[in-house]
Structures are given as C-alpha cells and as structure tokens.
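Just one chain is shown here, as structure tokens, and it is the form predicted on its own.
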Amino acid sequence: MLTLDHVSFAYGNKQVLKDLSFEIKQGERVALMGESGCGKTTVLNLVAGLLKPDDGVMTCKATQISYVFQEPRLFPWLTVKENVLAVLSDQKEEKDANEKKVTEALVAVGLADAADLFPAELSGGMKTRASLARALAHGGDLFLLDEPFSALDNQTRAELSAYLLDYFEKNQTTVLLVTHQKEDATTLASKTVELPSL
C-alpha cells in the first residue's frame, strides 16, 4: 500500500528526514513515534502529497486518503454538519446517501447534538471529534492520523479508540498514526516505526 525508499526531506537548511525506509501493507495500522521535531508530521504530509521528497522514492497505492490533521482545520463559517458534508460529493443523486454518512459519523464521535453549532461554539475536544467525523464520512483505504486524540479526555479517547479500531478492522483500512502516546499506539497500531532524531 505504501513504501518509503531512502526518503530524505529538509525545510531549507534543516534536515528533518534522512534515508528513511519502511513499508506498510494493505490493512496494516502503523504508529509513527519519536521525539518532537523528528519528522512524523512531515511523513504524513509526504504521503498525502502536500510535500515531495528531496531524495528517495515514495510509492502510495491508496485510491482515497482521509487525513486528520493535528489542528482540526474546520471551516469557521460552516456548522459541524456542513463541515463534515463539505468533504463529500455534491452530486444531487448522492444527497441522501451523504446525509446518512454524515449522521452516522456524528453519532460515532458523539456530536449528533452539536450538528448545527459553528466551530467557534465548540471546545477543543469537540473540534477534534468533528475532524474525526469528517474523515469517517469521507472514508478511504488509507487514514492519516496526526495526534488525533490530543485534545480529548481519557474516557472519550478510550471510546473513540475502540470505535476506530473496530472500523479499521472491519474495512481493512490501512492506517498511519502519529502519536506521542504509547497507549494510542498499542490500541490502534499493529506495528510501530520509530523515527530517529537528526
């Protein structure tokens, strides 16, 4: 599904990744771990196509990617429901199916009662859950998760982890997870890749 072959990347003079190689098979769930600044988010951005490697080759065979950024990145002028709907097709014939996807996603993350609120009315944890709902509605065969539970309390974190694990296993979703929490890695990932600090 995903291969990084001797990939290097630098921001100007700051080398972040050097000669990084690993692969993820279809359906594998991999946690990227390492100290702050070692390039974990950079790897996600490379996989998402937001950046290009300076050296090496990255191959991604995913047909549809969902990316949950560390910052929720919600549109402030749209309600929670509209934010989730925004990532789906606007074809009229798909309207009913999309409405169902949005409802199911909001129920899954516990935001059904907040569907008509705007981002400014949400707590940090609710914004995070809205971002997760958007990814679930969008779906895909590869999920990129950047510290997806950082703003959540322990109970909500545990509930969402259990839900996502079940979702990923049922759908044979490939997952690349960035986290500082070993508990998240243990729960969601089937293997761990430790990034070195340069």
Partner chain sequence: MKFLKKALRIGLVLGFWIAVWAIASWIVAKPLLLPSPYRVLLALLEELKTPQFYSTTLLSLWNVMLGILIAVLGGTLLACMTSYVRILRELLLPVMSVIKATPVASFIVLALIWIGSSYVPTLITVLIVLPVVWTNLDVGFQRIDRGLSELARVYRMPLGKRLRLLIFPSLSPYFSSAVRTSTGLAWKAGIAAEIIAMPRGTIGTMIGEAKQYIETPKMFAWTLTVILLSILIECLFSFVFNRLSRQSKYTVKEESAHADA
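Numbering follows the first chain given and starts at 1. In this text the structure is predicted, and so the values were computed from the model without any measurement.
Separately, the form predicted in complex with the partner chain exists; it is not shown, and the next lines address it.
The contact with the partner chain in the predicted bound form, taken as any heavy atom within 4.5 Å, belongs to A135 out of L46, A135, A31, L164. Partner contact region in the predicted bound form: 66-74, out of 165-173, 66-74, 149-157, 23-31, criterion any non-hydrogen atom within 4.5 Å of the partner chain. Contact check for L50, V87 and A120: all three have a heavy atom within 4.5 Å of the partner chain in the predicted bound form. A residue is said to contact a partner when one of its heavy atoms sits within 4.5 Å of a partner heavy atom; K101 fails this definition for the partner chain in the predicted bound form, lying far away. Contact between V107 and the partner chain in the predicted bound form is not found at the 4.5 Å heavy atom cutoff. At the 4.5 Å threshold, heavy atoms of A97 stay clear of the partner chain in the predicted bound form, well away from it.
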